[in-house]
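Coming up is one lone chain in structure tokens, specifically the form predicted alone.
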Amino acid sequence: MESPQRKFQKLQQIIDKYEGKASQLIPILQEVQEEYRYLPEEVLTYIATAMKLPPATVFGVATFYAQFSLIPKGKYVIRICDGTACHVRGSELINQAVRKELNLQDNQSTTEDLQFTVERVSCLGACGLAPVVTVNDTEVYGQMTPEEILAVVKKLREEG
């Protein structure tokens, strides 16, 4: 069994990088989530203890902001805009195609191998490119079609 010090070594390095300052809780959580792909309960508890913060404060921040997740996410997070412009231009067909390709059931958002997470979002702020899809909030794909999203998924699978 791995010792707690070893288990949380990377986590402690992240906290130390920000000097354990309470004012840096959000950047700490962002970096921790990038490391783990989500914010596990035991990690949030460790952060609270290490930073001498009430656990409710850390859990409150982690659950208030939509960017944080308490459940595991895939390596590739595909966000499909469902705002009015995107919806009218076929975002539901894109959602159906990608979910079918990834074999995601109605109550599932992440593939079992933790490679992909598919999320519907209210607005990605690019209505002129509708329908819009992002991957990991860094790649933006506009005027998508079901066929094009399948090509994106294929490319991501090849990249591993």
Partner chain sequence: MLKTREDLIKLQEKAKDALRKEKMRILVCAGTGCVASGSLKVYDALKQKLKEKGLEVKVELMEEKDNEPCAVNTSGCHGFCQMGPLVRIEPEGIFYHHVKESDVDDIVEQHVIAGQLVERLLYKHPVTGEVAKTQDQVPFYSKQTRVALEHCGRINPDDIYDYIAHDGYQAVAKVFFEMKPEEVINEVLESGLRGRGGGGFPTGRKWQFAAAAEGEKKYVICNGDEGDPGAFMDRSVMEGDPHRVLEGMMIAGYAIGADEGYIYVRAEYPLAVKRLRKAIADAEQLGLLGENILNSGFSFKIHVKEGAGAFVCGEETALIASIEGQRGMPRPRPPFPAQKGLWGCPTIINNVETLANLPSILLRGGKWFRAFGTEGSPGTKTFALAGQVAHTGLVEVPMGMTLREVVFDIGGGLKKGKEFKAVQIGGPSGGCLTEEHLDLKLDYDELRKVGAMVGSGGLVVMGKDTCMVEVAKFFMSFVQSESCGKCVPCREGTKRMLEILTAITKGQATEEDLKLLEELAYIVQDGSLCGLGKTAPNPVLTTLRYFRDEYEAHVRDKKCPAGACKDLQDYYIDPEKCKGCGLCARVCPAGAISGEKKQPHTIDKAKCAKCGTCIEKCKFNAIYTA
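Everything numeric in this text was worked out from a predicted model, so none of it was measured. Residue numbers count along the first chain shown, from 1.
Not on display, but discussed next: the form predicted in complex with the partner chain.
Using a 4.5 angstroms limit between non-hydrogen atoms, Val61 touches the partner chain in the predicted complex. Interface membership of Arg89, defined by any non-hydrogen atom within 4.5 Å of the partner chain in the predicted complex, is confirmed. Put simply, Ala85 is close to the partner chain in the predicted complex: some heavy atom of it is within 4.5 Å. The partner chain in the predicted complex comes within 4.5 Å of a heavy atom belonging to Ser122. Shown without its partner, the chain has no residue in segment 102-119 with a non-hydrogen atom within 4.5 angstroms of the partner chain in the predicted complex.
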